[in-house]
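Here we start with a single chain on its own, the form predicted on its own, put down as structure tokens.
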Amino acid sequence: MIERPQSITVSGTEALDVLRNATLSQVVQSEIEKIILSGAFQPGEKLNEKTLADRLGVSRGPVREAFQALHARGLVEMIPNRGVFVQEITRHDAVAIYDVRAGLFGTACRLLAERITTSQIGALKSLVAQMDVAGSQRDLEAYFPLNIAFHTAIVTGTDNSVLADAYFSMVRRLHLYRARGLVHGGGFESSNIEHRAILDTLDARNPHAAFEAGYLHVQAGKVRIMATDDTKTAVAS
């Protein structure tokens, strides 16, 4: 028989404190994740709990909790008796992550093709058109968020939270392997040609073709990333 835990009665003030602490932990986790993904720390660099706590104006408790969550997300490595370090993603790791991500994104395209609405098609067309402009100007700062928005719209459009969680976990880890794949070898143009191919299959409501287009797009992104040794800026293709 499963024993039920004893009920706990708390005052209104205590309940608010619990809610505040939970929210604070989430905020701290989000902020540290942003700091890591911004490239402020090098892969393998040790993270100082007190320094981050002081920087964020919080106690060390929420930072410690954030480290645990970020470890589960694969963004930091926790080594007993040594500390917490920014996760290092090797070239081999990046290839493996891209291969898994290709399958996830292909699946997202397939699922979306089965349910996509006219308004969703319109939003994706707008993003592709804006990427055409940014790409023609070779404006990475403009192109990058549009590129992210395009992929995000497809994945979240499936309304499949399990797939989305797995996919965005892959994306976060790839941010640790920083590369400017889009700006080499006609990357802007090639990437947006692939975006249009995906869009065409979605507009046609063709699940099988959508899977193939999405899968091949991520695989092509992997080739662009691996073709350069520049590791300063992450690009999710």
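In case it trips you up, residue 1 is the first one in the sequence shown, and so on. As the structure is a prediction and not an experimental result, all values here were calculated from the model.
Note that the form predicted in complex with the DNA isn't included here; everything after this is about it.
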(message) Check for me: heavy atom within 4.5 Å of the DNA in the predicted bound form, for each of 25, 57 and 82, yes or no.
(response) yes
(message) Please pick out the stretch from 169-177, 199-207, 32-40, 45-53 that is in contact with the DNA in the predicted bound form, where contact means heavy atoms within 4.5 Å.
(response) 45-53
(message) Taking any heavy atom pair closer than or equal to 4.5 Å as contact, tell me whether residue 187 reaches the DNA in the predicted bound form.
(response) no
